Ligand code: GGG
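Take a look at this single chain, the form predicted alone, given in structure tokens.
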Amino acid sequence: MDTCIRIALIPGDGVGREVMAEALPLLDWARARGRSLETVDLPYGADHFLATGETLPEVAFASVRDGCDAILFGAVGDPRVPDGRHAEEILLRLRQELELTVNHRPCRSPATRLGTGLDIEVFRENTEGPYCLQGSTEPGRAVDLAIHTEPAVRRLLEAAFRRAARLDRSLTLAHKANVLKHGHGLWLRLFVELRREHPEVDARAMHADALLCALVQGPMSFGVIAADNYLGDLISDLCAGFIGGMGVAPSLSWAPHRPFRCATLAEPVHGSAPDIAGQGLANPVGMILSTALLFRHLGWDPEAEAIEAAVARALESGARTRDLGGTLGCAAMGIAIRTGLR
């Protein structure tokens, strides 16, 4: 009998709540197929922060860290909190304090599953770089500090090499070590070291600006791309543009060096989109595919494959939200996908 999996649910802000609502039936569907799971609803986001002053209280963080196996996350960000501190203290805290170093962002067009189409997987370091939020602003001068540590860089690169070897795909490191000689110099040094340890992988390093140009000109020539937090964010968003936009892009973050419990976070790549929040216009595909990534990480491959195939069938049948040129709302798109589950 499967071990019971405990999943923390954090819908967050804006469209995060709407797309989360379309993922929850997939949890019920997995239960009906015999998977043992339970959920914990957490209210943290802008509404809770504005009402209570709490972002992610210590007792709640500890309960997630010590009592949950995974987190399903919607989105954070709200114009009523202009400095975004609640978002930083919720999402970035979870990423950093749970040491979710590896952020996996597959960019796969639905046609890929029928034998053609784009299939790029970005591996983004998720806890360091300039997103460490260490810096200062002074009169006439501003500084953002970027931190890169060997353990985090090595974990990310090892995950990328393992993935490229498993898929028999090429691996490309995006870097700017020609200018950022210290931080990206560390990335390049470890990449060269690991390339020697993985001779089975066709691995190359490219300056990030040249890589972006090559991506636009010939995305089909790329397999797995590894990058630091900042470059990985930009590259994966560009890749999302090839497959329909941010609304269809999933991600999964995990801590390969930590015990299984609460070392995984699934979230769509898109943000909270406050301009369309509450109107039922969000695209739930990214959230639904993120749930599939989580299922696969849990070892539930049949369920993950069924969800991905249902998404592909729905899109191929013409089901589209407005961002994809269609007319369906968020809930209707979720129904269209779930109708195709087998």
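Just count from 1 along the sequence shown to find any residue number. Here the structure is a predicted model, which is why all the values come from computation and not from measurement.
Omitted from view is the form predicted together with glycylglycylglycine (GGG), to which the following refers.
Between glycylglycylglycine (GGG) and the residues Leu156, Val248, Ala75, Val122, the one pair within 4.5 Å by heavy atoms in the predicted complex involves Ala75. Residue-level contacts in the predicted complex: of Ala263, Ile235, Leu91, Ile243, one residue has a heavy atom within 4.5 Å of glycylglycylglycine (GGG), and it is Leu91. Proximity to glycylglycylglycine (GGG) in the predicted complex, taken as heavy atoms within 4.5 Å, picks out 267-275 from the listed stretches 267-275, 173-181, 140-148, 188-196. Contact annotation for Arg162: none of its heavy atoms lies within 4.5 Å of glycylglycylglycine (GGG) in the predicted complex. In the predicted complex, glycylglycylglycine (GGG) lies within 4.5 Å of some heavy atom of Arg95.
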